[in-house]
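A single chain, nothing else alongside it, follows as C-alpha cells in the form predicted alone.
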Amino acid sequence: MAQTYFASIQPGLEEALLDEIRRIGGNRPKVLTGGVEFDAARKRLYLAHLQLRTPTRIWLRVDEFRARDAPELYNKTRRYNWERLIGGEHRIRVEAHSKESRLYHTGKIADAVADALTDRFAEDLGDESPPEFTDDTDDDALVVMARIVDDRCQLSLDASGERLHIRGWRTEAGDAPLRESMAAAMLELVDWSPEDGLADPMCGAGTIPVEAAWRALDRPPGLDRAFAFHRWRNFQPERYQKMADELRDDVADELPAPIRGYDADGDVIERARRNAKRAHADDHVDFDTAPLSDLQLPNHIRWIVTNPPYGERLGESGIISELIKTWQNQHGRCQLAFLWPSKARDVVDGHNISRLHRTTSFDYGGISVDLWTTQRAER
C-alpha cells in the first residue's frame, strides 16, 4: 500500500532531489519549498534511504486534518492507528510548529499530541503499553512532528533518524565544510556525468571528489547506516537486507574516468586522503598538493567542480579570477561549476563570461550562495 512521504532538502536544491526521486520510482512527486512530497510503497521507502544522495531527512505523512483548538487536535490525533508503527518499546519526542493558526502555543500542541498517543494505547487498545515521551535532548527517540498552518495540522513521523547527509566517513573537516548532500546536489544540478571525470582544485576535506566517486561507482550512501524506520513495528528486516545486499553487489570496481582533488595545503590533502580511506574511495580518488595557479589537469578530465573558500576572504576576488583562469587554460575542453556568496555576485559577473550561468541559490551556513556553471542543465 502506497503512503505519502516528504523528503526535505535545503530550499533552492529541490530540483536535484526531484530527479533522484523520479529515478527510484517515487510516484506523483511534488516540489514544495524545502523538499519533495511523493507516494511510495514500503520498497521505495527502503530504496530512498539507501540510494538518495541529496535529502536531509524523509518523513512519513501520517495524517492531515483541521485543528482549531487543543481538544480537536487531541481527538483527531488519537484516531490514527499508531500501533502499526510504534508502541511501548519506543521513546517518542514530539516536535510542534505553528504558523497563522489559532493553536499557536507549541508546548500545548506537543502536549495534546502526546496525550492523544498515550490514551490511544492505554485506553483504546487496552492491553497496549503507551510509548514513553521524552525531551528534545534525546537523539535516540523517534520523532513525531505536528505542523499547524492556517488551522490545518499535518502529523509526520521521522523515517530517517540521523540526518541523511552524514555518511559516516568525513570525521575530519575544516571550517564550514560543505555537506555531503550539497555536494551531491551540485553534481545533480549541473548534470555531471561520471564518464567526464572531475577535478576539485580546492578540495578541502575531499567532499566533492568522494561524493563524485560514490556516484560514479554507483555506491549507495545509505548502505552502512541505521535509520529510524528500522525500529518501526512494520519494518521488514529480511526484505530490507536483501535489497541492500543486491545494491552492494552492483557497486562498480573501477571509475569510468579519473576523479582528482587538489589543494595548496599539504595538511589539507592528507586529511582528505584519510577521509577518502574511511569512505573506501582511496583507491579511486587521487589527491595531490598543488596551488590553483599551477594546476594542470589531465586531458581526460572534463569537469572542474569546487567550493572556493570565502567568509573572511569574501572580498578577495582573486580566488575567482584564478579559478576562471585555470578553467580557461584547459582550452575549452572543461565545464566549470562552483559556489560563491550571492552578496558578492558582482565578482563573478565582472568576468563577463557568456557561458557562465547562475543555476540556483540556497542557504549554506547562514550565507546565501549561488551555484554557477558553464553548462545550463536542460530540465
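Note that the coordinates shown come from a computational prediction; the quantities given were computed from them, not determined experimentally. Start at 1 and count along the sequence shown; that's the residue number.
Beyond what is shown, the protein has a form predicted together with a small molecule; the following relates to that form.
Q: Give a yes or no for Leu292: in the model of the complex, does one of its heavy atoms lie within 4.5 Å of a heavy atom belonging to the small molecule?
A: So Leu292 counts as contacting the small molecule.
Q: Going by a heavy atom distance of 4.5 Å, is Leu45 a contact of the small molecule in the model of the complex?
A: Contact with the small molecule, no.
Q: Taking 4.5 angstroms as the cut-off for heavy atoms, does Val94 touch the small molecule in the model of the complex?
A: Contact check for Val94: no, nothing within 4.5 Å of the small molecule in the model of the complex.
Q: Glu211 versus the small molecule, in the model of the complex: is there a non-hydrogen atom within 4.5 Å?
A: Glu211: no, not in contact with the small molecule in the model of the complex.
Q: Only one of 256-264, 109-117, 141-149, 75-83 gets a heavy atom within 4.5 Å of the small molecule in the model of the complex; which is it?
A: Careful reading of the contacts points to 256-264.
Q: Heavy atom within 4.5 Å of the small molecule in the model of the complex: which of Glu322, Glu37, Asp69, Asp349 fits that? Just give me the one.
A: Contact residue from the list: Glu322.
Q: What is the one choice in Pro130, Pro308, Gly161, Gly197 with a heavy atom within 4.5 Å of the small molecule in the model of the complex?
A: Of the listed residues, the single hit is Pro308.
Q: Every residue in Pro55, Ile166 and Gly222 with a non-hydrogen atom within 4.5 Å of the small molecule in the model of the complex?
A: Result no, not one residue of the spot touches the small molecule.
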